[in-house]
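The chain below stands alone and is given in structure tokens; this is the form predicted alone.
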């Protein structure tokens, strides 16, 4: 029983055992570090799909869906997200009413900054995502913030993702910041916690059943998931952010969705992105 194992120390657990516990959603019982979690997470997928080149996990379901990959590669020859990149570039360069721009006001290292997020904000004591940082910049300069799931946010995120292509995912959980580890653990708990009328967790689809079909769709592996966002989905007919996808997944399992860039989804992004450390950022991308 789960309750009987709570509080027990579990030392010297093998990577294989940790991976099994991760799969079962019992990772909170293991006194593991984010680094050992990531090692087990990656090993789970590389063992499950031994013929997949590791760096290919940035391509979502097309990592393992051979027939779907052919269609996707054809689409990528004339990417449907290109107009959004152009719109985002214009937004990045357009001066605010005070004459400043995103770069001169808030992001001097931009526009290739996506690889720096999500990050732990030591001053605010919370996980900071890039869309939230962009909106904070707008508000600090007297501008109206963007909506998080639809509209202009997708354009500028598409541009910033494009500029950061090829950079490595490298989420840092500072060891001297207890709040950072707590946020990471909350994100991990969210990922493995079952919810909704269908009683599914994120791991139910994207770990336990990765590679299997749900109706006509191949379920994508969780490893590398954040890399391609924002994504142009044929279903949406536009580009959408990672938190829009989180919302959609919650609704699909008939659970109440949380607020985009609220603490639940920010922490989830923190955990999930950390699990893909070392892979490349590859957004924006196209999906079904």
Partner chain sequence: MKKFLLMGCSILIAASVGCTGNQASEEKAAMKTEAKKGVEKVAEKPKCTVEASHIVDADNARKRAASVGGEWRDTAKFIKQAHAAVKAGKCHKAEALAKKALMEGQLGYEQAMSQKELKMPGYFKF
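Residue numbers count along the first chain shown, from 1. In this text, all values refer to a predicted model and were calculated from it rather than measured experimentally.
Unshown form predicted in complex with its partner chain; subsequent notes refer to it.
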Original post:
Counting only heavy atoms and a 4.5 Å cut-off, does its partner chain in the model of the complex sit next to every one of 37, 192 and 208?
Top reply: yes
Subject >> its partner chain contact at residue 204 in the model of the complex, heavy atom, 4.5 Å >> reply: yes
Subject >> residue 52 within 4.5 Å of its partner chain in the model of the complex, heavy atoms >> reply: no
Original post:
Is there a non-hydrogen atom of residue 246 within 4.5 angstroms of a non-hydrogen atom of its partner chain in the model of the complex?
Top reply: no
Subject >> residue 114: touches its partner chain in the model of the complex, heavy atom cutoff 4.5 angstroms >> reply: no
Subject >> Region of this chain that lies against its partner chain in the model of the complex, out of 133 to 141, 94 to 102, 184 to 192, 151 to 159 [heavy atom, 4.5 Å] >> reply: 184 to 192
Subject >> Within 239 to 261, the residues that have a heavy atom no more than 4.5 Å from its partner chain in the model of the complex >> reply: 251, 254, 255, 256, 258
